[in-house]
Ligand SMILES: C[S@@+](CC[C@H](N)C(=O)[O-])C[C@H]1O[C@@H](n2cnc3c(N)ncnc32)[C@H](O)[C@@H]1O
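Presented below, as structure tokens, is a lone chain in the form predicted alone.
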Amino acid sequence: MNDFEHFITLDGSVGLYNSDFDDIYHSVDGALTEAYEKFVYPVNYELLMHKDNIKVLDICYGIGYNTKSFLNFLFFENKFKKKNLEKILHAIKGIVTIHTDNNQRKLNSHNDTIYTYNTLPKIYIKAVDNDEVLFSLSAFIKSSLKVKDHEILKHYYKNVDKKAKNISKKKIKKLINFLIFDKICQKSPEILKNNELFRLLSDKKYDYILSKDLKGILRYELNNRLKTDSKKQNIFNLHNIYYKYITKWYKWRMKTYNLQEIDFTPIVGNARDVIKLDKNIYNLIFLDAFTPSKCPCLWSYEFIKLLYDHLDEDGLLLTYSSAVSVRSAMLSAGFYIGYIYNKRLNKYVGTIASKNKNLIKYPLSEYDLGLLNTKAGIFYRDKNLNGLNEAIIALREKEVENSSKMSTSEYKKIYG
């Protein structure tokens, strides 16, 4: 990312625009809302919670909304966890005292005691993005701000004012941002040693979108850095500052919510190269790359097949994309595919894929399945998983041009 062009989406969360791709990272409707509705809510948590470990692959991490929303939901909103605790309490009511990792609830004066621990399995998250600056900023970005008209990219959507009335308001707990920061410090401290991060954190025009909880603690150090010789002090070591100021408070909070059970691994690099070398099998894969027409290398048949090989038999691949070429690649790779249902909007959005047909709650209609056999369903090819986007696009355009398949417009005239 050559610059940091941001705007405030309708739910009050920060969205980003990339001038290189001439595309937005997040929906104008709401960056955080989109993460919840397309990557968090569609997950089958009852099935997921029975596993000893949950492994998540977050492709195109950006500033982390998908990972943050997932963790925020599990630890602070997860109804499944609450139901489990309620069942335990109900079963032994009037018999024992229960101690949990978060609180102590005395049910009567009996001496018997049962200890229950966090009902969540251990969580492993691998986050991949090729933009080091976004990774380093992810822990600092606020999740809830006041929306002003000039902060919305209205040219991307019509009737923005009408949409604003039906937007849910979500917040990410501050502790989740501290967690992300902590894990980056532990696993990849080099991510925090770049001049661009120092510049952004030092620039007052970004103050309103950056967390005071982290930046406020660092203010003194930031000011000192600005006064020193930039040639000698050009590495902004947040890692050392973090452990100097906030370790004790943070570790206490981590234990309170059992967040030490989370293993977050940030990786800066090309997702194709990273996943080719990855030996893990994942329960969830979040595919959140730029649109196929802008970044086809992460939507090709070969890349989708690579993800298929890294997904558990009962795992889910989730994406915002409804592109016919992407769905066609998924079907050819062996996936069962379906829609993501958006309850708030009462319509289908995005695509969900699995090796297990029973996990697809809303399968594609006959009409949409038929679309996969048209020219629009010709997927991108990247045989060696190292092609340039321009070459991948040109290859598909040539295949579409030479194809005898029905055009999309002809298909719609007959069946639409």
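Everything quoted here is computed from the prediction, not taken from an experiment. Sequential numbering from 1, following the sequence displayed.
Unshown form predicted in complex with the named molecule; subsequent notes refer to it.
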item: Heavy atom of each of G62, Y65 and C297 within 4.5 Å of the named molecule in the predicted complex; value: yes
item: Segment that reaches the named molecule in the predicted complex - one of 374 to 382, 40 to 48, 347 to 355, 54 to 62, heavy atoms within 4.5 Å; value: 54 to 62
item: Non-hydrogen atom contact D263 with the named molecule in the predicted complex at 4.5 angstroms; value: no
item: Exercise: E77 in contact with the named molecule in the predicted complex, heavy atom 4.5 Å; value: no
item: Interface membership of P121, the named molecule in the predicted complex, 4.5 Å heavy atom rule; value: no
item: Contact flag, A271 vs the named molecule in the predicted complex, heavy atom cut 4.5 Å; value: yes
item: Contact assignment for the named molecule in the predicted complex, among E190, D314, D131, D278, heavy atom within 4.5 Å; value: D131
item: Residue among I340, I337, L200, A289 with a heavy atom within 4.5 Å of the named molecule in the predicted complex; value: A289
item: Residues within 4.5 Å of the named molecule in the predicted complex, restricted to 25 to 60 and counted by heavy atom; value: Y25, H26, C60
